[in-house]
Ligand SMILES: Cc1ncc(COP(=O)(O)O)c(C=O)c1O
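First, one chain by itself in structure tokens, the form predicted on its own.
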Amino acid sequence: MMKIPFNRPVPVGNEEKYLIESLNSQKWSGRGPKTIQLEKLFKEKTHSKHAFFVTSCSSALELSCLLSGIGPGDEVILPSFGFVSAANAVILRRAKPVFADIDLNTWNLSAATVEPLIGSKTKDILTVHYGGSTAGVDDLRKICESRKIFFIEDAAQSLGASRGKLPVGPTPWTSCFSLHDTKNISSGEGGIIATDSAELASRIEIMIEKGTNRQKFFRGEVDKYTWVDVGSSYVASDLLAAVGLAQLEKLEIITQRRMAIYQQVREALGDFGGRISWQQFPKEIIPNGHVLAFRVDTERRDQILSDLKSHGISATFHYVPLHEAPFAKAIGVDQSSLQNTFKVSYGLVRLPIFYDMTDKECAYLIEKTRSVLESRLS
């Protein structure tokens, strides 16, 4: 029996070379030469005007909430179908998360799911690019522009994806990317916060340096640095940046391979006569092959996952709805039913996908998944 892990991070180029250079540079802390190179390349790849390498996407989301200025009494609309970091970023500012449903086809927030929840206390809208998809983003941006609402894009899964002719990245507010071990481009741990706003970028530079103007001091713009704003220790090590830089240099190659695997599996499985549903991407959106998942009836999902694991395939579920979580109940978050979130969360089957998946592994994945589906969905 072949065993296929859910994820398998591998070096793709200059990781060892850059890491040794960083080790020998005597600059192991943050904001070193590899960090500067990583940020420069990220801006080139995504067309973003400003980008900062931070400790995680969670840090980027927390920074975004700091930038928006939310606090007690404010509300932030976000999907219940998402990772807990987004909700935590809101809770840490003592604002209230208002969980919205998702579109059943795109698995993202949409204007239709968000607009009924907007009120006088709404200060931010936070959307998640599930599977690298920016579905719904354009309409949500229009809402935020017209109502003066801060818009945060949780783009943890989106590096290498594109919308129209532009890569995911540019925004007048903030986009938050992950370079975690499980992502297409990885530094092990790490994240990037991007913005096209010079004003926001100036504050981010201070906030990631514990609220000090330390970088201005290093550039010779002030004769000493001091505490000038709220902040924390969000700067990531230059050693991590070295690994991330090597990975980012291969962004196109990694994306191409992952998309080839994604398309091969999706086409081979089909929709089983309408018994499985795939995430739908509007025609202008090109995903990056980060997530390989389909949806089945909720009562059959766990059986399918169990069967796949019996064949050595490390398939899994994804997000458990945040509004149903114990902590959400403890703080009194509205427990109203979000039907689409329920159907996607409890019906999702997420298959393994990684850059160096071999053709043999891919064929085995297709064969066994088809066999399981034929057995469980007949």
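Being a predicted model, the structure only gives us computed values, none of them experimental. Don't overthink the numbering: it's just position in the shown sequence, from 1.
We do not show the form predicted in complex with the ligand, though everything after this point is about it.
query: Within 4.5 Å of the ligand in the predicted complex, do we find a heavy atom from each of Val128, Asp154 and Gly190?
result: Looking in the predicted complex, the three residues Val128, Asp154 and Gly190 all sit within 4.5 Å of the ligand (heavy atoms).
field: The unique member of Phe83, Tyr234, Phe99, Tyr262 whose heavy atoms fall within 4.5 Å of the ligand in the predicted complex
entry: By the 4.5 Å criterion, the partner-contacting residue is Phe83.
- prompt: Tell me, which of Arg93, Arg258, His180, Arg163 has a heavy atom within 4.5 angstroms of the ligand in the predicted complex?
  reply: It is His180.
- prompt: Can any non-hydrogen atom of Ser345 be found within 4.5 angstroms of the ligand in the predicted complex?
  reply: Judged by the heavy-atom cut-off of 4.5 Å, Ser345 is well away from the ligand in the predicted complex.
message: If we define contact as a non-hydrogen atom of the residue within 4.5 angstroms of the partner, is Tyr319 a contact of the ligand in the predicted complex?
response: Tyr319: contacts the ligand in the predicted complex.
message: How about Ser56 - does it come within 4.5 Å of the ligand in the predicted complex, if we only consider non-hydrogen atoms?
response: Ser56: yes, in contact with the ligand in the predicted complex.
- prompt: Wondering, does Leu61 line up within 4.5 Å of the ligand in the predicted complex on heavy atoms?
  reply: It does: once the ligand is placed as it appears in the predicted complex, Leu61 has a heavy atom within 4.5 Å of it.
Stretch in contact in the predicted complex with the ligand, which is absent here, among 245-253, 109-117, 274-282, 154-162 (heavy atoms within 4.5 Å): Among the listed stretches, the partner-contacting one is 154-162.
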